[in-house]
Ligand SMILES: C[S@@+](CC[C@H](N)C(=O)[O-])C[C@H]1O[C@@H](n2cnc3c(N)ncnc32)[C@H](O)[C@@H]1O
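Let's start with one chain on its own, the form predicted on its own, as structure tokens.
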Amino acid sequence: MTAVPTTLPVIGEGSLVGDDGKGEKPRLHPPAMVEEVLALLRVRELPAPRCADLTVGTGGHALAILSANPQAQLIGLDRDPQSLEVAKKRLAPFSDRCHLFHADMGSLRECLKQVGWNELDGCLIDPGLSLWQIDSGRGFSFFDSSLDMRYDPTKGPTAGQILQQCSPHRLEEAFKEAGETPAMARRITQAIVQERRHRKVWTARDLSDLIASIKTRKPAHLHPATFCFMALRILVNEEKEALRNGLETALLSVRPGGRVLVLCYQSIEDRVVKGLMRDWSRLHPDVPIRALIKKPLRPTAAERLTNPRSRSARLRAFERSGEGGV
């Protein structure tokens, strides 16, 4: 887990970011499976629930939680400071019940200490990429001028730097895990290795054009660079490690009877969740956890129609039992 300062930055001071500097509104996608999230977290049933959104983003789920119960309180964490500024603006009417932190998921315990909470009633993790970030010009779009892809633009190497320095084996394995066939992953890796011998600076278009020149046969509904961009983004942000750390910290931070929900959108995330739960009793024998639902919930047909981006969502829910503490 990335080390954090003793006092984490609370988003609540300074200017609000509500557009791209040109007066255009940010593109905010509707949060997925809101009613299911509210029901499983028992937001309306509990008298004054204390909840945390560990991937608050631009505040969609947080807004729903705070609106559903006038006594609900919420801590929101995110690595993307620009997204947090948007969340701050959207959640301004609830500023007395909402605390936003620029922090990674694994820093939840430090955030709880700062607001004086010992434990939580419920926690939500909704990892992945938002429309706001796709529009941010940081390399998440196939046609951006930069190839950054960092959720937190102040930390770590960019996607362009990783593309230049990463070993061929690691790149190839990442592409395969994201969905490329072994043969295609090898071909794309070889092309990148050859290209980077004379290219020192990469743009998102450079990479997407290179992959498109190799993948001449592709599904009509997907850009040919989709899997490789996802793989590179996961490497840049260490998403698998971040999700595992965040989920483990969340499960240790809810009270007995408290619940943790995870919304996954692709199989890599879902495997991380299933892997941690498979190992849980060995790692934390004194903190029993049970799955609330045997199979993940999926969006309804009506939601998939009105919110197509939710179609791949899988919602898993866990409950802490027993009397063990952190």
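Computed from a predicted model, the values in this text were never measured in an experiment. Don't overthink the numbering: it's just position in the shown sequence, from 1.
What follows is about the form predicted in complex with the ligand, which we do not show.
Peer 1: Looking at 167-175, 74-82, 91-99, 251-259, which one sits within 4.5 Å of the ligand in the model of the complex if you count heavy atoms only?
Peer 2: Result of the contact check: 74-82.
Peer 1: Could you tell me which one of Glu180, Asp126, Asp148, Asp144 places a heavy atom within 4.5 Å of the ligand in the model of the complex?
Peer 2: Contact check passes for Asp126.
Peer 1: Which pick from Ala242, Cys111, Ile162, Ile234 sits with a heavy atom within 4.5 Å of the ligand in the model of the complex?
Peer 2: Contact check passes for Ala242.
Peer 1: Does the ligand get within 4.5 angstroms of any non-hydrogen atom of His29 in the model of the complex?
Peer 2: Within the cut-off, so yes.
Peer 1: Check whether Leu54 has any heavy atom within 4.5 Å of a heavy atom of the ligand in the model of the complex, and answer yes or no.
Peer 2: Yes.
Peer 1: For Met105, is any heavy atom within 4.5 Å of the ligand in the model of the complex, or not?
Peer 2: Answer yes; at least one heavy atom of Met105 falls within 4.5 Å of the ligand in the model of the complex.
Peer 1: Should Gly60 be counted as a contact of the ligand in the model of the complex, where contact means heavy atoms within 4.5 Å?
Peer 2: Result yes; Gly60 sits at the interface with the ligand in the model of the complex.
Peer 1: Can you name the residues of 181-198 that have a heavy atom within 4.5 Å of the ligand in the model of the complex?
Peer 2: Residues within 4.5 Å: none in this stretch.
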